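Here you get one chain, nothing else, as C-alpha coordinates; it is the form predicted alone.
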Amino acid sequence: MALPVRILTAVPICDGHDSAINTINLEFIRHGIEVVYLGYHRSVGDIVRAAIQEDVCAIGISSYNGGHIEFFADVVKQLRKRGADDIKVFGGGGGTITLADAMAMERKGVEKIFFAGTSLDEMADYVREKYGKPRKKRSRAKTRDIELARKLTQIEDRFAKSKRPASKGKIRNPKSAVRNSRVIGFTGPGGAGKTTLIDELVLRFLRQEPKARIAILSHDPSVVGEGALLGDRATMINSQDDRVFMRSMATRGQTGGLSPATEGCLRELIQGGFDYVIIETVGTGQEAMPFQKNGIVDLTVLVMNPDYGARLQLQKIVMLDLADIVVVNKTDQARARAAILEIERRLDQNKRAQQLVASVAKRHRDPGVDELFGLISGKQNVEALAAASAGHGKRRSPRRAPLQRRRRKR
(Lines give C-alpha, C1' and ligand atoms only; values in the text may rest on other atoms or scores of the structure.)
Protein backbone atom coordinates (compact mmCIF):
# COMPACT_ATOMS: atom_id res chain seq x y z
CA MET A 1 0.00 0.00 0.00
CA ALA A 2 1.04 3.59 -0.55
CA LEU A 3 2.21 5.37 2.56
CA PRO A 4 -0.73 7.40 3.87
CA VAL A 5 -0.49 11.15 4.29
CA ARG A 6 -0.50 11.86 8.01
CA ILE A 7 -1.51 15.26 9.38
CA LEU A 8 -2.63 16.80 12.67
CA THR A 9 -5.63 19.12 12.95
CA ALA A 10 -6.58 21.36 15.87
CA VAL A 11 -8.55 24.41 16.95
CA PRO A 12 -6.72 27.17 18.89
CA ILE A 13 -7.13 28.10 22.52
CA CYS A 14 -10.25 30.14 23.39
CA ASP A 15 -11.97 28.78 20.27
CA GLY A 16 -14.67 26.15 20.82
CA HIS A 17 -15.99 26.17 17.25
CA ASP A 18 -15.24 22.63 16.05
CA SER A 19 -18.04 21.90 13.57
CA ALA A 20 -15.98 23.13 10.59
CA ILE A 21 -12.87 21.12 11.46
CA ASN A 22 -14.92 17.98 12.04
CA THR A 23 -16.43 18.29 8.56
CA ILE A 24 -13.00 18.83 7.02
CA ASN A 25 -11.54 15.89 8.98
CA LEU A 26 -14.16 13.54 7.53
CA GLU A 27 -13.39 14.72 4.00
CA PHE A 28 -9.66 14.20 4.53
CA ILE A 29 -10.34 10.65 5.72
CA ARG A 30 -12.41 9.91 2.61
CA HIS A 31 -9.40 10.92 0.55
CA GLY A 32 -7.13 8.41 2.30
CA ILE A 33 -5.51 10.80 4.78
CA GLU A 34 -4.76 9.81 8.37
CA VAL A 35 -5.91 12.65 10.62
CA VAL A 36 -4.69 13.00 14.19
CA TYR A 37 -7.34 15.27 15.71
CA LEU A 38 -6.16 17.16 18.77
CA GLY A 39 -9.50 18.83 19.48
CA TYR A 40 -10.41 22.43 20.26
CA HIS A 41 -9.20 24.99 22.82
CA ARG A 42 -5.60 23.87 22.32
CA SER A 43 -2.52 25.93 23.06
CA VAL A 44 0.51 26.34 20.82
CA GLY A 45 2.51 24.08 23.13
CA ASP A 46 -0.11 21.32 22.94
CA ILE A 47 -0.22 21.49 19.16
CA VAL A 48 3.54 21.48 18.66
CA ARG A 49 4.14 18.68 21.19
CA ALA A 50 1.47 16.49 19.57
CA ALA A 51 2.72 17.16 16.04
CA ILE A 52 6.28 16.19 17.00
CA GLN A 53 5.27 13.01 18.81
CA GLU A 54 2.94 11.98 16.00
CA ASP A 55 5.59 12.87 13.39
CA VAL A 56 3.00 14.34 11.05
CA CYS A 57 3.78 15.99 7.74
CA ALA A 58 1.68 19.06 8.44
CA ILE A 59 -0.60 20.81 10.93
CA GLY A 60 -4.00 22.11 9.87
CA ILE A 61 -5.49 24.79 12.14
CA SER A 62 -9.08 26.03 12.02
CA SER A 63 -9.45 29.45 13.65
CA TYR A 64 -12.63 31.50 14.03
CA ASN A 65 -11.93 33.74 17.00
CA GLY A 66 -9.27 36.17 15.81
CA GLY A 67 -5.63 36.37 16.83
CA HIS A 68 -4.80 34.01 13.98
CA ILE A 69 -1.75 35.88 12.69
CA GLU A 70 0.06 35.63 16.02
CA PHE A 71 -1.16 32.11 16.81
CA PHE A 72 -0.19 30.54 13.47
CA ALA A 73 3.15 32.35 13.52
CA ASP A 74 3.90 31.09 17.02
CA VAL A 75 3.22 27.49 15.95
CA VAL A 76 5.70 27.89 13.09
CA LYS A 77 8.22 29.53 15.42
CA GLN A 78 8.00 26.79 18.05
CA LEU A 79 8.37 24.05 15.43
CA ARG A 80 11.57 25.70 14.19
CA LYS A 81 12.84 26.23 17.72
CA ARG A 82 12.43 22.53 18.53
CA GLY A 83 14.05 21.34 15.31
CA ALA A 84 10.82 20.21 13.62
CA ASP A 85 10.64 22.79 10.83
CA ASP A 86 9.92 20.01 8.32
CA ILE A 87 6.37 19.92 9.77
CA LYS A 88 4.43 22.50 7.77
CA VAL A 89 1.44 24.62 8.82
CA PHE A 90 -1.74 25.42 6.88
CA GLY A 91 -5.28 26.34 7.86
CA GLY A 92 -8.32 28.50 7.44
CA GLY A 93 -10.99 30.45 9.26
CA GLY A 94 -14.00 31.09 7.08
CA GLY A 95 -14.53 34.82 6.86
CA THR A 96 -12.37 35.73 9.83
CA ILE A 97 -9.05 35.58 7.96
CA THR A 98 -8.72 38.32 5.32
CA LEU A 99 -6.52 38.24 2.24
CA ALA A 100 -4.16 40.72 3.90
CA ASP A 101 -4.01 38.50 7.00
CA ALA A 102 -3.19 35.49 4.85
CA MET A 103 -0.34 37.30 3.12
CA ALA A 104 1.09 38.33 6.50
CA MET A 105 0.79 34.75 7.78
CA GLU A 106 2.52 33.34 4.72
CA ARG A 107 5.41 35.74 5.24
CA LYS A 108 5.75 34.27 8.74
CA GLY A 109 6.02 30.71 7.38
CA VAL A 110 2.42 29.48 7.02
CA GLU A 111 2.16 27.56 3.77
CA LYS A 112 -1.51 27.92 2.84
CA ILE A 113 -4.70 29.62 4.01
CA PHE A 114 -8.05 28.40 2.70
CA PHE A 115 -10.82 30.97 2.44
CA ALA A 116 -14.59 30.68 2.71
CA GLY A 117 -16.02 29.04 -0.40
CA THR A 118 -13.08 26.68 -0.97
CA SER A 119 -14.43 23.22 -1.78
CA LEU A 120 -13.61 20.28 0.48
CA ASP A 121 -12.24 18.38 -2.50
CA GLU A 122 -9.82 21.21 -3.23
CA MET A 123 -8.55 21.17 0.36
CA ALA A 124 -8.09 17.40 0.37
CA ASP A 125 -6.36 17.40 -3.01
CA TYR A 126 -3.96 20.10 -1.85
CA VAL A 127 -3.01 18.15 1.28
CA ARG A 128 -2.47 14.91 -0.64
CA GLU A 129 -0.41 16.51 -3.38
CA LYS A 130 1.58 18.85 -1.14
CA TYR A 131 2.31 16.52 1.77
CA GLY A 132 2.08 13.12 0.11
CA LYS A 133 5.56 13.39 -1.37
CA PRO A 134 8.52 11.76 0.39
CA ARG A 135 10.15 14.12 2.84
CA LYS A 136 13.46 15.62 1.96
CA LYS A 137 16.52 14.72 3.99
CA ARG A 138 15.67 15.64 7.54
CA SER A 139 17.99 17.44 9.89
CA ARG A 140 19.41 15.65 12.87
CA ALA A 141 16.90 15.28 15.70
CA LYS A 142 17.39 17.89 18.40
CA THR A 143 15.18 16.30 21.04
CA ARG A 144 14.46 12.83 22.35
CA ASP A 145 10.80 13.06 21.29
CA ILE A 146 11.70 13.85 17.68
CA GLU A 147 14.19 10.99 17.49
CA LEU A 148 11.72 8.50 18.96
CA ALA A 149 8.84 9.73 16.80
CA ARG A 150 10.89 9.26 13.64
CA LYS A 151 11.84 5.73 14.64
CA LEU A 152 8.17 4.84 15.15
CA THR A 153 7.34 6.28 11.74
CA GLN A 154 10.06 4.17 10.14
CA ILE A 155 8.61 1.06 11.75
CA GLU A 156 5.10 1.86 10.49
CA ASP A 157 6.39 2.70 7.02
CA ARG A 158 8.29 -0.59 6.72
CA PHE A 159 5.09 -2.54 7.32
CA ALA A 160 3.17 -0.36 4.87
CA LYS A 161 5.75 -0.86 2.12
CA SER A 162 6.39 -4.58 2.56
CA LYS A 163 2.93 -5.68 3.76
CA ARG A 164 4.67 -7.94 6.23
CA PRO A 165 2.60 -9.50 8.97
CA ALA A 166 3.33 -8.78 12.59
CA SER A 167 6.36 -10.64 13.92
CA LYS A 168 5.71 -13.90 15.70
CA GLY A 169 6.99 -15.04 19.04
CA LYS A 170 7.44 -13.14 22.27
CA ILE A 171 9.15 -9.83 21.84
CA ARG A 172 10.16 -9.62 25.47
CA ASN A 173 10.01 -11.53 28.71
CA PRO A 174 7.54 -9.81 31.07
CA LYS A 175 9.53 -11.09 34.07
CA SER A 176 12.90 -10.00 32.75
CA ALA A 177 14.99 -8.04 35.24
CA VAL A 178 16.79 -6.27 32.39
CA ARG A 179 13.97 -3.84 31.66
CA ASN A 180 11.96 -1.63 33.98
CA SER A 181 8.98 -0.80 31.76
CA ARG A 182 5.58 -2.04 32.88
CA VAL A 183 3.25 -2.61 29.93
CA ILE A 184 -0.50 -2.44 30.46
CA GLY A 185 -3.02 -3.29 27.75
CA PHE A 186 -6.47 -1.69 27.67
CA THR A 187 -9.21 -3.15 25.52
CA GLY A 188 -12.98 -3.09 25.39
CA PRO A 189 -15.88 -2.00 23.19
CA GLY A 190 -16.12 1.47 21.74
CA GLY A 191 -17.79 3.97 24.03
CA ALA A 192 -16.77 2.24 27.25
CA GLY A 193 -14.57 5.18 28.26
CA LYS A 194 -11.10 3.67 27.78
CA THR A 195 -9.46 6.94 26.76
CA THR A 196 -10.92 8.94 29.64
CA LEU A 197 -9.94 6.19 32.07
CA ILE A 198 -6.36 6.13 30.76
CA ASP A 199 -6.14 9.93 30.98
CA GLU A 200 -7.21 9.81 34.63
CA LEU A 201 -4.64 7.11 35.37
CA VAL A 202 -1.94 9.23 33.71
CA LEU A 203 -2.84 12.10 36.06
CA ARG A 204 -2.26 9.82 39.04
CA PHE A 205 1.06 8.57 37.65
CA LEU A 206 2.25 12.13 37.12
CA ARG A 207 1.28 13.23 40.63
CA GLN A 208 2.46 10.22 42.59
CA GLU A 209 5.61 9.39 40.63
CA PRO A 210 7.29 12.73 39.88
CA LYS A 211 10.08 11.19 37.80
CA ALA A 212 8.06 8.59 35.90
CA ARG A 213 7.75 8.76 32.11
CA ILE A 214 4.65 7.33 30.46
CA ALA A 215 4.10 6.26 26.85
CA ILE A 216 0.73 5.62 25.23
CA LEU A 217 0.10 3.69 22.01
CA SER A 218 -3.49 4.47 21.05
CA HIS A 219 -5.20 2.64 18.18
CA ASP A 220 -8.08 3.57 15.88
CA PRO A 221 -9.54 1.59 12.96
CA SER A 222 -8.71 2.04 9.30
CA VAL A 223 -8.98 0.06 6.09
CA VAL A 224 -5.96 -0.64 3.87
CA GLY A 225 -5.51 2.28 1.49
CA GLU A 226 -8.06 4.43 3.32
CA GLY A 227 -7.68 7.20 5.85
CA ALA A 228 -8.37 7.14 9.57
CA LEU A 229 -9.56 9.49 12.28
CA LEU A 230 -7.09 9.16 15.14
CA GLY A 231 -9.10 11.07 17.71
CA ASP A 232 -8.06 9.85 21.14
CA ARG A 233 -5.94 12.93 21.78
CA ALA A 234 -9.05 15.10 21.54
CA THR A 235 -10.33 13.72 24.86
CA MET A 236 -6.94 13.70 26.56
CA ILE A 237 -6.36 16.52 29.06
CA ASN A 238 -3.91 15.27 31.67
CA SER A 239 -1.79 13.49 29.06
CA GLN A 240 -0.75 16.82 27.51
CA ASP A 241 2.43 16.78 29.57
CA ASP A 242 6.09 16.70 28.62
CA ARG A 243 6.56 13.47 30.60
CA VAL A 244 3.96 11.71 28.46
CA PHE A 245 4.73 10.46 24.96
CA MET A 246 1.62 9.53 23.00
CA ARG A 247 1.43 7.98 19.56
CA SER A 248 -1.80 7.45 17.62
CA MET A 249 -1.76 4.41 15.34
CA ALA A 250 -4.16 3.30 12.61
CA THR A 251 -4.78 -0.43 12.25
CA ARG A 252 -4.24 -0.14 8.47
CA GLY A 253 -6.36 -3.15 7.69
CA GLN A 254 -5.25 -5.50 10.46
CA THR A 255 -8.03 -7.02 12.54
CA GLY A 256 -7.89 -7.65 16.27
CA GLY A 257 -7.54 -4.11 17.56
CA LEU A 258 -3.82 -3.44 17.00
CA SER A 259 -1.60 -2.22 14.16
CA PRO A 260 0.84 -4.47 12.29
CA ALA A 261 3.58 -2.22 13.66
CA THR A 262 2.47 -2.24 17.32
CA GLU A 263 5.05 -4.75 18.53
CA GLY A 264 7.93 -2.97 16.85
CA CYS A 265 6.82 0.38 18.27
CA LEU A 266 6.47 -1.17 21.72
CA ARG A 267 10.00 -2.49 21.49
CA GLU A 268 11.28 1.03 20.80
CA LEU A 269 9.37 2.47 23.75
CA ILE A 270 10.73 -0.18 26.11
CA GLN A 271 14.25 0.52 24.89
CA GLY A 272 13.51 4.21 25.38
CA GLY A 273 13.26 3.62 29.11
CA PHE A 274 9.63 4.55 29.77
CA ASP A 275 8.44 3.47 33.20
CA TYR A 276 4.94 2.67 31.97
CA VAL A 277 3.69 1.86 28.49
CA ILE A 278 -0.06 1.83 27.96
CA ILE A 279 -1.51 0.19 24.85
CA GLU A 280 -5.11 1.06 24.02
CA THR A 281 -6.82 -1.02 21.35
CA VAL A 282 -9.57 -0.25 18.91
CA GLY A 283 -13.05 -0.85 20.36
CA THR A 284 -13.22 -4.64 20.17
CA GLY A 285 -15.99 -7.21 19.86
CA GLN A 286 -16.80 -10.61 21.29
CA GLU A 287 -13.91 -12.67 19.95
CA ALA A 288 -11.07 -10.16 20.02
CA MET A 289 -7.95 -11.22 21.94
CA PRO A 290 -5.48 -8.45 21.07
CA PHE A 291 -2.82 -9.18 23.69
CA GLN A 292 -2.77 -12.95 23.86
CA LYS A 293 -0.59 -14.03 20.95
CA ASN A 294 2.85 -12.71 21.78
CA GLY A 295 2.75 -11.86 25.47
CA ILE A 296 3.27 -8.19 24.76
CA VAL A 297 1.70 -6.90 27.99
CA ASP A 298 2.22 -7.56 31.68
CA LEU A 299 -1.37 -6.83 32.59
CA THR A 300 -4.62 -6.78 30.60
CA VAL A 301 -7.49 -4.46 31.51
CA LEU A 302 -10.93 -4.97 29.95
CA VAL A 303 -13.15 -1.88 30.15
CA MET A 304 -16.91 -2.33 29.82
CA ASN A 305 -19.96 -0.18 30.32
CA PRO A 306 -23.18 -1.39 31.97
CA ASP A 307 -25.15 -1.41 28.71
CA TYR A 308 -23.68 -4.54 27.14
CA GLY A 309 -27.07 -6.10 26.44
CA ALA A 310 -28.61 -9.27 27.81
CA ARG A 311 -26.83 -11.48 30.33
CA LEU A 312 -26.23 -14.02 27.58
CA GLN A 313 -23.83 -11.57 25.92
CA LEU A 314 -21.39 -12.01 28.80
CA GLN A 315 -20.89 -15.66 27.89
CA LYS A 316 -19.74 -14.64 24.42
CA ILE A 317 -17.05 -12.11 25.40
CA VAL A 318 -13.74 -13.98 25.27
CA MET A 319 -11.79 -11.25 27.04
CA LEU A 320 -13.79 -11.86 30.20
CA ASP A 321 -11.93 -15.17 30.42
CA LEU A 322 -8.53 -13.63 29.74
CA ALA A 323 -8.43 -10.17 31.35
CA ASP A 324 -6.52 -9.68 34.60
CA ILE A 325 -8.69 -6.72 35.57
CA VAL A 326 -12.27 -6.03 34.45
CA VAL A 327 -13.44 -2.44 34.88
CA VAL A 328 -17.13 -1.65 34.77
CA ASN A 329 -17.02 2.03 33.87
CA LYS A 330 -19.86 4.57 33.84
CA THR A 331 -21.37 3.04 36.96
CA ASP A 332 -23.41 6.19 37.50
CA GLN A 333 -25.85 4.72 34.99
CA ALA A 334 -29.08 3.14 36.16
CA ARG A 335 -28.21 -0.43 35.24
CA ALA A 336 -24.77 -0.42 36.85
CA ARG A 337 -25.63 -2.39 40.00
CA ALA A 338 -27.18 -5.28 38.05
CA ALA A 339 -24.29 -5.26 35.57
CA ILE A 340 -21.69 -5.58 38.33
CA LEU A 341 -23.53 -8.57 39.81
CA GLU A 342 -23.83 -10.29 36.43
CA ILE A 343 -20.18 -9.70 35.51
CA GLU A 344 -19.05 -10.91 38.94
CA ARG A 345 -20.95 -14.17 38.48
CA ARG A 346 -19.41 -14.51 35.02
CA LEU A 347 -15.90 -14.08 36.44
CA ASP A 348 -16.63 -16.63 39.17
CA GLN A 349 -16.99 -19.25 36.45
CA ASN A 350 -13.37 -18.76 35.40
CA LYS A 351 -11.95 -19.92 38.74
CA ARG A 352 -8.86 -17.79 38.42
CA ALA A 353 -7.55 -14.60 39.97
CA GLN A 354 -9.32 -11.65 38.37
CA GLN A 355 -10.06 -8.20 39.72
CA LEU A 356 -13.40 -6.41 39.30
CA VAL A 357 -13.39 -2.62 39.62
CA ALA A 358 -16.33 -0.21 39.37
CA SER A 359 -15.54 3.32 38.18
CA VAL A 360 -16.87 6.59 36.85
CA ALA A 361 -13.78 7.81 35.01
CA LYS A 362 -15.26 11.23 34.17
CA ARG A 363 -15.77 12.00 37.86
CA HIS A 364 -13.08 13.97 39.67
CA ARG A 365 -11.13 11.87 42.20
CA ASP A 366 -13.20 8.79 41.46
CA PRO A 367 -12.42 6.04 44.05
CA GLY A 368 -12.77 3.33 41.40
CA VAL A 369 -10.02 4.90 39.30
CA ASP A 370 -7.92 5.21 42.45
CA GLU A 371 -8.40 1.49 43.08
CA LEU A 372 -7.42 0.64 39.50
CA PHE A 373 -4.33 2.84 39.79
CA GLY A 374 -3.33 0.97 42.94
CA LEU A 375 -3.64 -2.37 41.17
CA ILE A 376 -1.58 -1.22 38.20
CA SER A 377 1.13 0.71 40.00
CA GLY A 378 1.53 -1.46 43.12
CA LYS A 379 4.37 -3.84 42.34
CA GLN A 380 3.37 -6.54 44.80
CA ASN A 381 -0.25 -6.47 43.71
CA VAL A 382 0.65 -6.75 40.04
CA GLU A 383 3.15 -9.55 40.54
CA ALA A 384 0.73 -11.50 42.72
CA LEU A 385 -2.01 -11.06 40.16
CA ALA A 386 0.21 -12.15 37.29
CA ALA A 387 1.37 -15.20 39.22
CA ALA A 388 -2.18 -16.18 40.13
CA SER A 389 -3.35 -15.65 36.56
CA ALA A 390 -0.92 -18.29 35.33
CA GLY A 391 -2.78 -21.03 37.19
CA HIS A 392 -6.40 -22.11 37.56
CA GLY A 393 -8.46 -22.69 40.66
CA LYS A 394 -6.44 -20.33 42.83
CA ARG A 395 -8.15 -18.06 45.32
CA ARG A 396 -9.14 -14.64 44.03
CA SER A 397 -7.59 -11.55 45.49
CA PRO A 398 -9.36 -10.33 48.65
CA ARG A 399 -9.56 -6.86 47.07
CA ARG A 400 -12.90 -7.89 45.60
CA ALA A 401 -14.38 -8.68 49.01
CA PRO A 402 -15.08 -5.05 50.02
CA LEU A 403 -17.09 -4.61 46.84
CA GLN A 404 -19.20 -7.64 47.71
CA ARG A 405 -19.79 -6.43 51.28
CA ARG A 406 -20.86 -3.00 50.12
CA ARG A 407 -23.36 -4.53 47.75
CA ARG A 408 -24.91 -6.72 50.44
CA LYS A 409 -25.43 -3.68 52.68
CA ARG A 410 -27.49 -2.07 49.96
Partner chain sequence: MSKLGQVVESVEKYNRFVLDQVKRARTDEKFGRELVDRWNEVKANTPIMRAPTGLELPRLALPEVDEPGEIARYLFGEGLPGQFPFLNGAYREMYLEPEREIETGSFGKNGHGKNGHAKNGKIDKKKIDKPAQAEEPTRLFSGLMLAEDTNERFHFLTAHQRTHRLSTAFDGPTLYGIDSDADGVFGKIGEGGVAIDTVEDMVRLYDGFDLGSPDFSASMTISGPAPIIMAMYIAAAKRRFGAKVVPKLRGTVQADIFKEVQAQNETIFPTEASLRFLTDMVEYTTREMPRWYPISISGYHIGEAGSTPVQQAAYTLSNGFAYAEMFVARGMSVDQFGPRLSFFLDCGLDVEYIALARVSRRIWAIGMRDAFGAGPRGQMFKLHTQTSGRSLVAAEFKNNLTRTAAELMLAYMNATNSSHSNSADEPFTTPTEEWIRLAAHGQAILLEESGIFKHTMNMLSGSPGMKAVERAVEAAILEEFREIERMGGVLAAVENRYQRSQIQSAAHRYEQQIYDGTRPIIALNKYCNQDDAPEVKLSRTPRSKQQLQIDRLTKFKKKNAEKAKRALAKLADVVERGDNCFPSLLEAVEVCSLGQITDRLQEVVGRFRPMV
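Numbering follows the first chain given and starts at 1. Bear in mind that the values here come from a model prediction, so they are computed numbers and not experimental data.
FYI, the form predicted together with its partner chain isn't displayed, but the following is about it.
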Practice item. Taking 4.5 Å between heavy atoms as the contact cutoff, choose which of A212, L320, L120, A141 touches its partner chain in the predicted complex. Key: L120
Check your understanding: Looking at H31, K362, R352, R346, which has any heavy atom no more than 4.5 Å from its partner chain in the predicted complex?
Key -> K362
Point to revise | in the predicted complex, segment of 337-345, 62-70, 368-376, 49-57 with a heavy atom within 4.5 Å of its partner chain | key: 62-70
Practice item. State yes only if every one of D15, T23 and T98 has a non-hydrogen atom within 4.5 Å of its partner chain in the predicted complex; otherwise state no. Key: yes
Check your understanding: Does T235 make contact with its partner chain in the predicted complex, using a 4.5 Å heavy atom cut-off?
Key -> yes
Exercise for review: Would you check, heavy atoms only and a 4.5 Å threshold, whether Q254 touches its partner chain in the predicted complex?
Suggested key: no
Check your understanding: Taking heavy atoms only, is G83 within 4.5 angstroms of its partner chain in the predicted complex?
Key -> no
Practice item. Decide whether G283 counts as a contact residue for its partner chain in the predicted complex under a heavy atom distance cut-off of 4.5 Å. Key: no
Check your understanding: Using a 4.5 Å cut-off on heavy atoms, which residues of 37-57 contact its partner chain in the predicted complex?
Key -> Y37, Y40, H41
